[in-house]
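The chain below stands alone, shown as structure tokens; this is the form predicted alone.
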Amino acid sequence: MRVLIVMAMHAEAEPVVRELGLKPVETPPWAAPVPMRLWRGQIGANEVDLVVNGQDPETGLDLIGTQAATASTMLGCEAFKPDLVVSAGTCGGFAKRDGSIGKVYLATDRVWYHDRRVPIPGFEQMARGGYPVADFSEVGSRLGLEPGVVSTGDSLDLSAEDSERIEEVDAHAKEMEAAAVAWVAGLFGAQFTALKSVTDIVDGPHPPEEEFFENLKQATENLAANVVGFVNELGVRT
């Protein structure tokens, strides 16, 4: 199996690259203008490729959100022709659904957008998404991963409208890339899943922007360990 891992922030990706022993590869000439960066490796029988969104040329900050994730997944799918695309990164969790700092969710059911509201028949459904997730429940069970529904939006805060959409699908993880990655993966005929590690509790007492930085190291370490475990377990999937 050829696996493509799509990640937003260098802080999220660095431990994954290190633990998987991935090596940097040159960006294809046709993609030279984009800031995305690529890595490649071999884990057992599986070829593993990784793409990171890179840094914004104007601010020097990590590119986050669906715009960059779409471009990264397009680049990775065209360059590597994966069988499986994994959106890996951090997320907000929910105390009401037993979310806790450092918990890692394996996506289940479908991934959704919660902040794209287009109240026109047909367009509304398209904007919501609902992109299918491959069933890796056996792998998740062996690793002790928590199954969870993932919901995507481009804002860190939570509006009343976003909250309503998230509650409609009983989402466990609120994040900023997965639905975009899933859409592109589907266009290329690849399977999709997501691994998301909790940095902040959306319905908790602390502002998410404060918790994010306080818990980023713990969340990324947990994420890396489970991404490595997931890739290794793919070789024994039944």
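Position 1 is the first residue in the sequence shown; the rest follow in order. The structure displayed is predicted, hence computed values, not measured ones.
Form predicted together with ligand SAH: not shown, discussed below.
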| item | value |
| --- | --- |
| Contact check for Ala107, Thr193 and Val231 against ligand SAH in the predicted complex, heavy atom at 4.5 Å | no |
| Residue among Ala68, Val184, Leu38, Met176 with a heavy atom within 4.5 Å of ligand SAH in the predicted complex | Met176 |
| Candidate from Ser155, Ser100, Ser141, Gln125 lying within 4.5 Å of ligand SAH in the predicted complex - any heavy atom | Ser155 |
| Among 26 to 34, 184 to 192, 197 to 205, 41 to 49, the region lying within 4.5 Å of ligand SAH in the predicted complex by heavy atom distance | 197 to 205 |
| Contact of Leu4 with ligand SAH in the predicted complex (heavy atom, 4.5 Å) | no |
| Contact test in the predicted complex: Thr90 vs ligand SAH, heavy atoms, 4.5 Å | yes |
| 4.5 angstroms heavy atom contact with ligand SAH in the predicted complex for Met9 | yes |
| Contact set, 53 to 73 vs ligand SAH in the predicted complex - heavy atom within 4.5 angstroms | Ile64 |
